[in-house]
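The form predicted on its own is given below as one chain in structure tokens.
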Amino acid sequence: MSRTRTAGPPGEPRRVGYLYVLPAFAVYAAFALYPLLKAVYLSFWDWDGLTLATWVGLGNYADVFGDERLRASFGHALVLMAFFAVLPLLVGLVLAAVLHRAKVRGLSFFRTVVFLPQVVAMVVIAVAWRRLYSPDGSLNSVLSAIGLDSWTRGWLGDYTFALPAVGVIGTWFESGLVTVLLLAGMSRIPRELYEAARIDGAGPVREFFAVTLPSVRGEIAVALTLTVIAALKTFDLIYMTTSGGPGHETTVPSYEVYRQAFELGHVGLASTIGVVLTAIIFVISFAITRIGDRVTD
């Protein structure tokens, strides 16, 4: 005679559910949690990767916040956030709103074109833009052709314009992703909302702020989370275009992790930079998610 359950929810016991999760959690723990905990452990040691390590406690953290170059790298990452996240969001909102409202033919083609940078390797993009920014590159040729010779320069070697020049590459790269995300959100907005707004006398601009923008808050939060993380952890773009120069005007935390660990042999300090960067990414991502959830509710 079989036993029957007399209480609790139907289905298998809850502890069986943990067994289903276990394989995925084991992979996550092996490739994400363990390296993170190992980095935290190494951040308390002075170690060159070869000889015996020396315990320094919070000394590496004091170096991160006390060293001018390392502090500047985090400031540069915050500047890049404006180029990687804020500007692509503004460009994406305009592009998505125009494409959604105009109902252009071949919308899938336009979506593919604007998303194209996302499928190209960053190394290829960096090499192409480095050529574009070079003293004899296309950008300076265009400026000379329209009589702006005084504006020509080696953009990636200029102390003032090197960081914004790298940021522009990020804006170009991320705008397609943001546009596609926002187009997906706008496609789910009921047509009745726009018809009601037009009956009330709303024009295109008022429709955008009263109907479109509030309806895509969730997509905006997702886009900001993805682009902010991309800005903070960017490495290959910096390595291939400027290698942190001129001077240290374009260095960022991810590049400093590589430099400290593999060029200077300061593995403990590199781990500390990585831990601080991870904490900043977590805090910013958590704040964006919380704000997005509150606005959506």
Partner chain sequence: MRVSTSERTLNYVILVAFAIFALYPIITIVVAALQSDAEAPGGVSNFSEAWDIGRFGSYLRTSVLVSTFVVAISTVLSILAGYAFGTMRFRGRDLLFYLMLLGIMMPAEAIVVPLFFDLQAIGLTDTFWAIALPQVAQSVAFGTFWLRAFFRSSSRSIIEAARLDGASTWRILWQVLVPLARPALVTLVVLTFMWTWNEFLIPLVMVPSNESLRTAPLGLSFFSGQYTQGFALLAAGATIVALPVVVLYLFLQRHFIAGMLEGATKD
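Just so you know, these numbers come straight off a predicted model, no measurement behind them. Positions refer to the first chain, counted from 1. In this text, rigid core is short for the largest set of C-alphas that superpose within 1.5 Å between two forms.
Unshown form predicted together with its partner chain; subsequent notes refer to it.
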| query | finding |
| --- | --- |
| Segment that reaches its partner chain in the predicted complex - one of 257-265, 242-250, 51-59, 64-72, heavy atoms within 4.5 Å | 257-265 |
| Its partner chain in the predicted complex reached by all of 163, 205 and 288, non-hydrogen atom within 4.5 Å | no |
| Distance check, residue 42 to its partner chain in the predicted complex, heavy atom within 4.5 Å | yes |
| is_contact(residue 236, its partner chain) in the predicted complex, heavy atom dist at most 4.5 Å | yes |
| Residue contact check: residue 177 to its partner chain in the predicted complex, 4.5 Å heavy atom | yes |
| Close approach of residue 119 to its partner chain in the predicted complex, 4.5 Å, heavy atom | yes |
| One residue of 213, 99, 143, 79 in contact with its partner chain, assessed in the predicted complex (non-hydrogen atom, 4.5 angstroms) | 99 |
| In the predicted complex, residues of 202-225 near its partner chain [heavy atom within 4.5 Å] | 219, 222 |
| Threshold 2 Å Cα movement between this form and the one not shown at residue 264, rigid core reference | no |
| Core fit, then residue 26 C-alpha moves 2 Å or more between this form and the one not shown | yes |
